[in-house]
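Next up: a single chain in structure tokens, the form predicted on its own.
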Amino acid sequence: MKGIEMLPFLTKEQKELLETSERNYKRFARVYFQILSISENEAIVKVWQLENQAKRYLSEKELIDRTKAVFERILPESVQLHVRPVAFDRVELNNFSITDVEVKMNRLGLKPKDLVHLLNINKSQLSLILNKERGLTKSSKAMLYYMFKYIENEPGREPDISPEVVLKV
């Protein structure tokens, strides 16, 4: 489990219980947990679900409930659990188009050269996509969609468009 090292107060049995729970959620529902931060009175845990063969996806409320069920037996009663759910939503990604790229670029004040630097992609290839001479491939659609999603979800963060930018996903 990502971030489990932030919980030094856990016994060996509690760590095994957490890891077993996560392993089962990964295996059967492709649900993942990450401990983002922990203090003496609060813990923040991110939970998300990826595409799975059963095509059964949990809502944000269900993800929160499952996370609480996993962690409530582990965390001390004095620690309040805050869950950051990311529900699976393939529809938005599948419908992402070049028009959406243009709208998001305008809203965020990004220029094509900024995307070249942010994504470290070839300027001529990006130009072909933006001029609608070449369609979005599955990978380019995902790359652009998640880059915009990352920038939009950073609170109070203006996109850094210098060539040294490294996206932390």
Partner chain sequence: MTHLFEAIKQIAKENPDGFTVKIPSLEWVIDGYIAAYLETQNCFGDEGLLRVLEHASKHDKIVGGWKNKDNKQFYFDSDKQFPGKEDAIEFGRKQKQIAIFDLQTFREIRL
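Residue numbers count along the first chain shown, from 1. The model shown is predicted, which means the values in this text are computed figures rather than measured ones.
The same protein also exists as the form predicted in complex with the partner chain; that form is not shown, yet it is the one meant from here on.
Contact annotation: Asn52 falls within 4.5 Å of the partner chain in the model of the complex, judged by heavy atom distances. Using a 4.5 angstroms threshold between heavy atoms, Lys46 stays clear of the partner chain in the model of the complex. By the criterion of a heavy atom within 4.5 Å, Phe148 is excluded from the residues contacting the partner chain in the model of the complex.
Within 4.5 Å of any heavy atom of the partner chain in the model of the complex lies no heavy atom of Leu10. The stretch among 112-120, 125-133, 56-64, 96-104 whose residues place heavy atoms within 4.5 Å of the partner chain in the model of the complex is 56-64. In the model of the complex, the residues of 66-87 lying within 4.5 Å of the partner chain by at least one heavy atom are, in order, Arg66, Ala69, Val70, Glu72, Arg73.
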